[in-house]
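Quick heads-up: it's one chain on its own, the form predicted alone, in structure tokens.
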């Protein structure tokens, strides 16, 4: 007999390498998932991880998790993880698969997510034959949000929104996703499996592995629908819930293979990388006339100057709010800066609210939103009162009004209040007030060369008469700002 206290042994079962060692969603109990006892998600997670390990694709797997009980997949799977909005996982998975053709892309969804708000996404992804594997966990209820009826809720099944049981006349029939998608020509593999007993669980593991293998081979769209217990929302014990899957759910959703073309389907050819045209070829490809091209005045900027101009422009519809922002952004683009322009306006053509966010910077812009502007252009008092408090200390407010309201003044914020609309009459048309205010902004910022501003006006405004008028208005705005500082 060996004197060694530890005998030789072989590990026949261990935690998958595709799981993280610790699950850091919570500070405590980092060795276990957040799923309820008896929930099918944990079982399905284990099957997916095992399949990834067996296929040896952990380093190129990307898992797309949406909203619902599956929302925390990125805490568990040590693979590439992308979070998608409710129902949009197939659309996101499509983008990932197309942009990274060598990846194994998995969309993991529940029945409320896939069948309700995401019904269009799953239908069209399947119809296009996107090279993704969809794992569809169907427990016939909205679990995470308290037990509302889902598209797959059974007839007669009670929920918080069908307390007397689902009725076909009012809530319609349960949606048979696998059968529906199997009528399409593009999918390569569709199967419905269950977690009702050990035999079903073993078949589910095989189906999930096949779906991932199809995806790894580039065969196209695969979907595995898993009938899963939900003891908490069904108000059953885990054992009762498992029996309910086998004895009740199966009668509405029979198990089986609805499409399998894995033997005859050939892998789609990998897309050829798109050619990278020379920069001087882009105008021809895009159909842009030479006269409309930016003039490339980036050399006119001081290379060492830090630029981070964040402007909020607000007023009524019809005041030229959006055009003011467009000219500023277009001139920045012409000058070689990073630029964003984000409009926001009401449904009314005139007199509705209107504002836009404009950012100019040397570095990449992280968000087009301007929540704390360093320049606010307020073309009326309601807009001033709406956004005045958001201007950061050291910033400027340019206001179209005879006087700046005393209760809007803030320490550390500079103010220029002038009747810009009335002063615009001096240019020949009071509608040029937006360009007069733009002139003040340009003089304040001091970062854009004249040639870039002129080029922006010519590209955005086709009528030469208005271009000349706007150029005069911009000059007037610059002069007004200079006089204010004198």
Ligand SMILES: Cc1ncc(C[n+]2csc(CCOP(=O)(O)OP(=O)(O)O)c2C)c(N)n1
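Positions refer to the first chain, counted from 1. Being a predicted model, the structure only gives us computed values, none of them experimental.
The same protein has a further form, the form predicted in complex with the ligand, not shown here; the description that follows concerns it.
Only one listed stretch (43 to 51, 62 to 70, 442 to 450, 455 to 463) carries heavy atoms within 4.5 Å of the ligand in the predicted complex, and that stretch is 62 to 70. Only one of the listed residues (144, 372, 202, 180) places a non-hydrogen atom within 4.5 angstroms of the ligand in the predicted complex, and that residue is 144. This chain appears without its partner; in the predicted complex, the one residue of 111, 191, 334, 400 with a heavy atom within 4.5 Å of the ligand is 111. Mapping the unseen interface onto this chain, residue 236 falls outside it, with no heavy atom inside 4.5 Å of the ligand in the predicted complex. Taking the partner from elsewhere, residue 158 is found to have every heavy atom lying beyond 4.5 Å of the ligand in the predicted complex. In the predicted complex, the ligand lies farther than 4.5 Å from every heavy atom of residue 355. Heavy atoms of residue 86 reach within 4.5 Å of the ligand in the predicted complex, making it an interface residue.
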